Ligand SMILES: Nc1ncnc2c1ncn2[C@@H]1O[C@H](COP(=O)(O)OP(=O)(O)OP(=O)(O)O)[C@@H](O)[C@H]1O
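Shown here is one chain on its own, the form predicted on its own, set out as structure tokens.
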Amino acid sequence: MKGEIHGIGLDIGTSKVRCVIGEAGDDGRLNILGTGQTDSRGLRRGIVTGAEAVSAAIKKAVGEAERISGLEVHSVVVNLSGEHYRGENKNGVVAVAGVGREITEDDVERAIESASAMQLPSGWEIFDRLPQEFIIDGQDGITEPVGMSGSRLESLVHIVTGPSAGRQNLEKAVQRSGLEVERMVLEPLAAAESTLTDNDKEYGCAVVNVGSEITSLMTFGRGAVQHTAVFPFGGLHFTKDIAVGLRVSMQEANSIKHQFGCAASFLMNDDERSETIEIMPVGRSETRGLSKEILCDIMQPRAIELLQHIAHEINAAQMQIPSGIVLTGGGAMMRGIVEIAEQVFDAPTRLGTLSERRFGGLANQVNGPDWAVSCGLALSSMDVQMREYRSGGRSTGRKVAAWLGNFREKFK
């Protein structure tokens, strides 16, 4: 199988575009062969505002990954994000007929379709249908009902909806760059693919993907997605606070944030608090000194405020997360954000890093929260291809893999 299956993930973000090319290894891991990254243009809060700029950035990132890997890319799995998508838990019920009332793939399909029968606003569509569990004649917790017997099949499905225009415009921008869209995967779902263990998903955890302008939340329990939410804030809010507070340009504010920023004052010792950095205020010709303590005083309140919004959402959904919080995305790389999050959520918190069990090759070069989405997209592509490979390309095999392989696949 090695060398026959490749997974290509393309993470199109507001600030960065990242591409990962991987190859299926004999041990079932995705061996990363090439990566590419460039500054993003033409997107606002996950929505395409300039298709040409987005296409140019995609070409640059993919081209870099192609040069490193030596492979030519034709199709990619792309992240699906946006300020307006939302998730709901729905249920559907169907009667089971046939000889011995044995549940078939068609029964499962009808049950999922029944749960998906919902009224949508004009211009909206279902992005993803993620099965949580099935109930047969009152017996719950069933994940693979095909072949079992019963007269009543109920499906519990997490359904994610959103405006169709956002997805269509992003797909067109990718096609304009000369690539085909193999599939689109929800951004936090892709991050979970690369960073969570089966135990994390089973016992309960939350993935918080902190982007530039959007932060997405996805909670897991009993092995499936239980809740989804999107917040209209991200790492750019810290940059704006620094720019306003220090009277510097956005470019310098971003540089200051990455080089010297800290969101947790208790991590700084006395020497670091008094240490000064040189900044250049807008409209001035001379620099002035700024203590790191003042910079932290700007960033820490904002970190607490934004994380409290997410904590409130988790509490409102009445979710139990004994496995804690996993922070992914470029915004999660800020010093002190994990420690502040641990206090705000009152739960174990860690950065999302790649699972050694699932990744090999050049994985060490991208083993950070900022690459979690792109690596998860590539892994998702490989997993789907491997299931089709094992089924011999039969349509029935593909159906089973899509419906019952695991909750990650897209139902259409």
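Just so it is clear, the structure is predicted and the values come from calculations on it, not from any experiment. Residue numbers run from 1 along the displayed sequence.
Absent from the display: the form predicted in complex with the named molecule. The rest refers to it.
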query: Heavy atom within 4.5 Å of the named molecule in the predicted bound form - residue from A264, I310, M334, V157; finding: M334
query: Of R152, H258, K240, H74, the one that lies within 4.5 Å of the named molecule in the predicted bound form (heavy atoms); finding: H258
query: Segment that reaches the named molecule in the predicted bound form - one of 249 to 257, 169 to 177, 318 to 326, 283 to 291, heavy atoms within 4.5 Å; finding: 249 to 257
query: Contact label in the predicted bound form: G46 to the named molecule, heavy atom within 4.5 Å; finding: yes
query: Interface membership of S391, the named molecule in the predicted bound form, 4.5 Å heavy atom rule; finding: no
query: Touches the named molecule in the predicted bound form: G235 (any heavy atom, 4.5 Å); finding: yes
query: Close approach of G330 to the named molecule in the predicted bound form, 4.5 Å, heavy atom; finding: yes
query: Heavy atom contacts to the named molecule in the predicted bound form at 4.5 Å, residues of 192 to 222 in sequence order; finding: V210, G211, S212, E213, I214
